[in-house]
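As C-alpha cells, one chain now follows by itself in the form predicted alone.
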C-alpha cells in the first residue's frame, strides 16, 4: 500500500511539473509573449505616435519578454477592460496581466490568480471640477460619480458613501477613455479611480488646472502583475523579473551600465548572482544566466521606469511616495537574490 501511494505521489508530481512548465514552453514556442494591458491610461499603458505600446505597466511586459525571449519587442499587447481582463488571463488568451489591477483576497484565491508582486502602491481618490466648490470627498452627498465597472472602486465607493451616510448616483463606464469623455461632458460630477489614474487622466486635459483631486484616499490599492494559478515556474519568472527591476535600482544597476557590469564579477555578490557572473539562478527557472541583465537593459531599473513615464518631471507628475525604495522611506524592495 505504501509503495502504491509513493508511486501515485511521484506520478502526480511528474504531472504537476509538466503542467507548470506549460506557459514558458508555449511562450518560447510561439516566440512571443501575450501580455494583457489596460485599454489606455496615460503614462501607464498607451500607444505612441507610431502605434507602439509604451508605459509604466508596458515596461514590465517588455522586461519579461527580454528575460524569456531575448527581445523586448516580442510582445503582443492585448488591451483589456476591468470586465474582460480576468477572462483573458483565465482562458489563456494572455500569459500575464500587467495593468492597474489591485491584489485582493478574492482575486488571488477565488479567481485562481497569482499576484507576483506590487509595482505601484496606490489608493482610490476623487477628481472634481474646481467650480463644483468641493474641497473634501465628504461633501459629495448626492453627486453623480463616473466609475469603471468590474473594479474594486465600485465596492470601495459604496463602502465610503455608506460609512459617511451619503448617497450617490453611479454613472457606469467601461474604459478610462469613456470616463474622461463623460466627465468632461458633465455627465458626472466626480470621477473616481486609483489616484495615479486620476493624475494620469488630468494630465491630458487642456484645462488641467481647473480640476482638482480631493485629499481623501479611501482605500489601499496594491497594483501589480498577475498570472494563473498552477504554473509556478512561469509565476517565478514574472515575479523575479519584476524583483530584478526593483533590486537593480537599489544596487545602482541601470540600463546604461548593466551590460558592462554583467561582463565580470563585481565586489557585490548579490549583483553577481543577479547578473549571472556567479552561479546560475536563471537555470532554476528554465532560463539562462543573462535573463535579468537583458530585462534591465531593455527597460531600465524600477526608478528609471518610474521617472520616465509617471515621475515628477513628466506630465503625470507623481512623486515616489510609498513607491520609493525602502532605503528612501518607501515600501519598494526585492527579496534577496541568493
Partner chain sequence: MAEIAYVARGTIPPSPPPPSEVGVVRWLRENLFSSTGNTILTLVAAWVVVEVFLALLPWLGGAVWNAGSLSECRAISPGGACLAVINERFNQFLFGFYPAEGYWRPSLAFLGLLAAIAPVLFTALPRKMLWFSGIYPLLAYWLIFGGSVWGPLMVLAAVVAAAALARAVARLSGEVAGMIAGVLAAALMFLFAVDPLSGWLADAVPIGLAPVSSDQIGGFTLTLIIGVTGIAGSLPIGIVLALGRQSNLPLVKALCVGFIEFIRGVPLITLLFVAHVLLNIFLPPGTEFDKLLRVLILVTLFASAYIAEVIRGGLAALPKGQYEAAAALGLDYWKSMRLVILPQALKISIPGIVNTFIGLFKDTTLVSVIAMFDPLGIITPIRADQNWNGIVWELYGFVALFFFICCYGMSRYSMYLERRLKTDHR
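The structure displayed is predicted, hence computed values, not measured ones. Positions refer to the first chain, counted from 1.
Absent from the display: the form predicted in complex with its partner chain. The rest refers to it.
In the model of the complex, residue 79 approaches its partner chain with a heavy atom inside 4.5 Å. Interface residue remark: residue 260 is not counted as part of the site for its partner chain in the model of the complex, having no heavy atom within 4.5 Å. Residue contact with its partner chain in the model of the complex: residue 165 places no heavy atom within 4.5 Å of it. The shortest heavy atom separation between residue 36 and its partner chain in the model of the complex exceeds 4.5 Å. Of the listed positions (268, 254, 181, 232), a single one reaches within 4.5 angstroms of its partner chain by any non-hydrogen atom in the model of the complex, namely 181. Taken together, 108, 273 and 277 are entirely out of contact with its partner chain in the model of the complex: none brings a heavy atom within 4.5 Å. The stretch from 280-288, 64-72, 294-302, 49-57 that comes within 4.5 Å of its partner chain in the model of the complex, counting heavy atoms only, is 49-57. Along 85-124, these residues reach a heavy atom to within 4.5 Å of its partner chain in the model of the complex: 87, 91, 93.
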